[in-house]
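We begin with a single chain expressed as structure tokens, specifically the form predicted on its own.
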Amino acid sequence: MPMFQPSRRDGVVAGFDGSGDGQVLDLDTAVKDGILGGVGGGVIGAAVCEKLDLKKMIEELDLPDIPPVFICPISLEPMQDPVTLCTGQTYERSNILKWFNLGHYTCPITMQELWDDSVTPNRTLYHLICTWFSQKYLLMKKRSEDVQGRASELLITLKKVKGQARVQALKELHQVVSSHATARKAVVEEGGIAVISSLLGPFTSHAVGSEAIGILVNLELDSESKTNLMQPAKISLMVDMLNEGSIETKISCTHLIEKLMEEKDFRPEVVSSHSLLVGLMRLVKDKRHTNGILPGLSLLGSICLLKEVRSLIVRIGAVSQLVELLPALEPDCLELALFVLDTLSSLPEGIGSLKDCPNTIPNLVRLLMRFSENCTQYALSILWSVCKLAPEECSSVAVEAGLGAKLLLIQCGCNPALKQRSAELLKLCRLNYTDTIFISKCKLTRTIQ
């Protein structure tokens, strides 16, 4: 049987137009006409391609929409050294050689037995791949340089202008740093953090403040920058905007304050503000803008770790508000809310607020074994604290809510720590009942439903 000879005409590749009709495509036409997703400006010369490292370009670009003909059927990654078999199918050289080394002498796509196991470099496809990625790479580099230059220009402008011109410059810089890593890097390297931070103070308008905070939250802040932002006047402005700004501004404020809390010299008094905590709870309860719930709970969880602030959180009524929110929360938000409630239950006033809230026990019982193991653990811990505080009163409410049956299920299939806690809680639940009555209360079918 004659050996299959792939076409070796320079500058042409058969059947690589992406449509499967087998038309012959030359290199210039493929890229100029955009058949392989080329960009304007024609074909980049071979000399330019050789100066650029194909592997580096593929890694840095990480493009989602790569022409299928550039993808190796084995690894599903872009080919850097395409070779063609006698069947006419093309693969990345290293991948097809591994296939052969495993003892396979077939074409992976067609499963045809190979009558010749030699591989032929597909130079035409290689040049198409190199040209396509080179154009994309150079365009990306040009855009990055343009964006970096624009960020530098806007920083210079901010040092000169005031009023509405300042607001406009901040808005544009906010858009640029939100979208481009090179712009963020340029702002940091050129001292932009200090420039933008200096705009925050007691007389800063919310228009300027919201854009400045939106920029800062996108940047990598060093220790000196964080210390500077923890000045009382700057924190006071953030608190004002957390209460009165747009939803985007409120979310930016929570993210920025949480960034400041990562600083080792962070002082608890920075967040020991009645106004800050009230604003945070408003954000968490805002049903019109649910995208603020997760960042709000995340910051609240971080603040809860500060023992000095926990009592204030309880005093603003956060416990009952969070309990009422539990049934409507998404799993990631739910775990944070339960963490906060569990942390606050370590305080006498916190556990007292949980006991006084009529929906604490029913809401927590419903959550057991429905979401993550962490959620179940937090819920059990809170229920244990509440029932231990008032065993006779709370254990009856818990059993009527179906806690007994849930605890029996936990005993059957959870980790040792949860089993131990559920066993302790089970003892409290049985205080008011004989064995027969307690067992009758544990209706597993109703619990499972």
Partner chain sequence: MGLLCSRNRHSNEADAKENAQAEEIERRIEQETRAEKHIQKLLLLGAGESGKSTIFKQIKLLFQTGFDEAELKSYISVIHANVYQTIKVLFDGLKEFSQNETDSSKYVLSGENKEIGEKLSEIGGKLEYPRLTKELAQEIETLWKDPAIQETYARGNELQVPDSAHYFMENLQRFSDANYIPTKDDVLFARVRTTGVVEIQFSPVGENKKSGEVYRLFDVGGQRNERRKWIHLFEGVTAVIFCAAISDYDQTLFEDEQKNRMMETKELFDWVLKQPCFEKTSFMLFLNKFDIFEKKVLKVPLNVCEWFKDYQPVSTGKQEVEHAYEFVKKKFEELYFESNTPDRGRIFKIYRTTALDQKLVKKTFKLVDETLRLRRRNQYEAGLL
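Quantities reported herein were computed from a predicted structural model and do not represent experimental measurements. Residue numbers count along the first chain shown, from 1.
One more form of this protein exists, namely the form predicted in complex with its partner chain; it is left out here, but the text below deals with it.
* Can you pick the stretch from 325-333, 120-128, 88-96, 201-209 whose heavy atoms fall within 4.5 Å of its partner chain in the predicted bound form? -> Looking at the partner contacts, the answer comes out as 201-209.
* Tell me, out of 278, 181, 347, 74, which residue has a non-hydrogen atom within 4.5 angstroms of its partner chain in the predicted bound form. => Of 278, 181, 347, 74, the residue with a heavy atom within 4.5 Å of its partner chain in the predicted bound form is 278.
* Asked: Out of 302, 112, 175, 272, which one falls within 4.5 Å of its partner chain in the predicted bound form, going by heavy atoms?
  -> Answer to the contact question: 272.
* Close approach of residue 258 to its partner chain in the predicted bound form, 4.5 Å, heavy atom -> Judged by the heavy-atom cut-off of 4.5 Å, residue 258 is well away from its partner chain in the predicted bound form.
* **Any non-hydrogen atom of residue 157 within 4.5 angstroms of its partner chain in the predicted bound form** => No - in the predicted bound form, heavy atoms of residue 157 and its partner chain never come within 4.5 Å of each other.
* residue 291 within 4.5 Å of its partner chain in the predicted bound form, heavy atoms -> Contact with its partner chain, no.
* To do: Find out whether any non-hydrogen atom of residue 189 is located within 4.5 angstroms of its partner chain in the predicted bound form, and reply yes or no.
  => Contact with its partner chain, no.
* So which residues in 360-380, when you check its partner chain in the predicted bound form, have a heavy atom no farther than 4.5 Å from it? -> The stretch 360-380, when checked against its partner chain in the predicted bound form, contributes no residue at the 4.5 Å heavy-atom cut-off.
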